[in-house]
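Here we start with a single chain on its own, the form predicted alone, put down as structure tokens.
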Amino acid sequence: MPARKKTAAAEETAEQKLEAPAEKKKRSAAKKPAEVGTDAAPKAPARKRTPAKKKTTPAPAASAAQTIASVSAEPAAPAAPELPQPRRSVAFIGSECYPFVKTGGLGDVMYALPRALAKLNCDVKVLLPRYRCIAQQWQEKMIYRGSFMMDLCADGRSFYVGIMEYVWDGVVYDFIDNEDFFSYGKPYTNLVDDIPRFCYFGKAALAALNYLDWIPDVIHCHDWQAALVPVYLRTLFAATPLSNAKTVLTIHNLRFQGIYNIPTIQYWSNLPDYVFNKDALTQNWVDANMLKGGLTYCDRITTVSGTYAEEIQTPFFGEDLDAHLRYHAGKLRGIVNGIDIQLWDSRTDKLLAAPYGAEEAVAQKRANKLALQAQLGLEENADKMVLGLISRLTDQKGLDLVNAILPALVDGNTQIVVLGTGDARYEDSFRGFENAYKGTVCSYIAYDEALAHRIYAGADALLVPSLFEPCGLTQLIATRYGTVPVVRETGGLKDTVQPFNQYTNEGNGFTFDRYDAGLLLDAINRAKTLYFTERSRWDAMVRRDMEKDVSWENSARHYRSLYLELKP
């Protein structure tokens, strides 16, 4: 297919000038070729550099005698101001990012984590494919930064690499432009198309960094779609300035690994034969596993919760990579995700019937419940307990447990609201429950963002009984809206929901351990007992949940510490 037509560089708008990224760090070494096996391309125009701020020197410490005198004579002096944190540059490479393109939690992480890091004195660039499905409102804001041809395949076949840039809220977004790979379908179609697409994307992202002469301290890759980046970096890019960068690979869901036959991945990646061995890319002797190769060659592995980092080293959760992950356990870390607390804020949420904070949650949640019941055709009664379920309807989410116990939940005092799409068997079963229990059960088989907000606000408890859950976002959002989570103790659910202790009156939800329908029913019944018999303690938990810090700021600090560990 012909390459996408280049667009002329547009004049910078006032908004873009305000959002211009921080200066690039100075490099003493001369720039080397863009990439081994890649045609040389003209260097991109350099950005104007601004002078660095001068460091402040702390005052010399007082003598012991002076210290004793000052303590006895006057109050202690205020603490010295905190010194600026060391700056690190980080390149994020991943296949999706909200609001440009999003299919799941990865899109949220690629959006929120770079923004949080930018506020912690990190220089952040995000590299994404320029899919045709990205809305026109974003396409129009992109500025052409350059292009070149890149060798890709084992037979020397080369492809166009265009770079379109957009600067927003302290983060630079560079979109890799190529019509052969990104002009059709959604971000993920099938492995026949996706394997060549992401072999190209990983190599093109590194080549673009070389072309832009932007050499980060750390390259942070996400899931199997970017997993070849560490492999490329240590092989085909070993003689480029990028070789000084450290790599982090984050596993968002180990179930998806990018597995295909060895000849296909060898052809599309042109990686050397020695990386196709049982300790790197080869799996089951005949297949190549892109995620496995990335895990071998990266400097650190992270996943989205501490418990999930432990679970994936076991056969049940390890998806055939448990032994490989145990071998690399020394570089494996778990860092729990956060959520965007500006997007999910019950005080400012315009989609709610009655916005509220922790102080007025008890009264206003009743108003939101009545509005939700009216919208969904449920019996309008604020004294009834509403259980919400917002989920992809797949077996991972523990929906067979819900199906097994749902009739037992219909007791005249409880209502159930289900929102989501997925496997036909779950869609059909929930439709059947709605027909059987009209006015008590509502199954909204669709994705409706506005309704999701209203369920978080109007429900009393949220069910998340997952078979496995790397991190989970719904339970975090639920706490922001004062909706008590009922979860299985797995992955990020275990790390973020502390079970209610009736003796100490502590905890922020209800949990069960083994994957068993009876245990889920028991957890829900414990929640219902507290709700109906000790409402003051329930209301205290609602307020406690809403005051819990689930922002990205904590997660970003952990990631920043990891980057400093890699590049001290």
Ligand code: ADP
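Start at 1 with the first residue shown and count on from there. It should be emphasised that the depicted structure is a prediction, and the values quoted were computed from it without experimental measurement.
Beyond the structure shown, there is the form predicted together with this ligand, which is absent from this document and is the topic of what follows.
- The candidate spot formed by L106, L419 and E449 is fully in contact with this ligand in the predicted complex: every one of the three has a heavy atom within 4.5 Å.
- When this ligand is considered in the predicted complex, D174 lies well away from it, no heavy atom lying within 4.5 Å.
- Taking the partner from the other structure, this ligand in the predicted complex has no heavy atom within 4.5 Å of any heavy atom of T483.
- Residue contact with this ligand in the predicted complex: K102 places a heavy atom within 4.5 Å of it.
- The shortest heavy atom separation between K331 and this ligand in the predicted complex exceeds 4.5 Å.
- Contact with this ligand in the predicted complex, judged as any non-hydrogen atom within 4.5 angstroms, is confined among 386-394, 120-128, 354-362, 289-297 to 386-394.
- Listed residues N368, S95, Q415, T474 were compared with this ligand in the predicted complex; T474 is the one with a heavy atom within 4.5 Å.
- Contact annotation: of the candidates F201, Y426, F237, Y456, the single residue with a non-hydrogen atom within 4.5 angstroms of this ligand in the predicted complex is Y456.
- Of all the residues from 503-542, none has a non-hydrogen atom no more than 4.5 Å from this ligand in the predicted complex.
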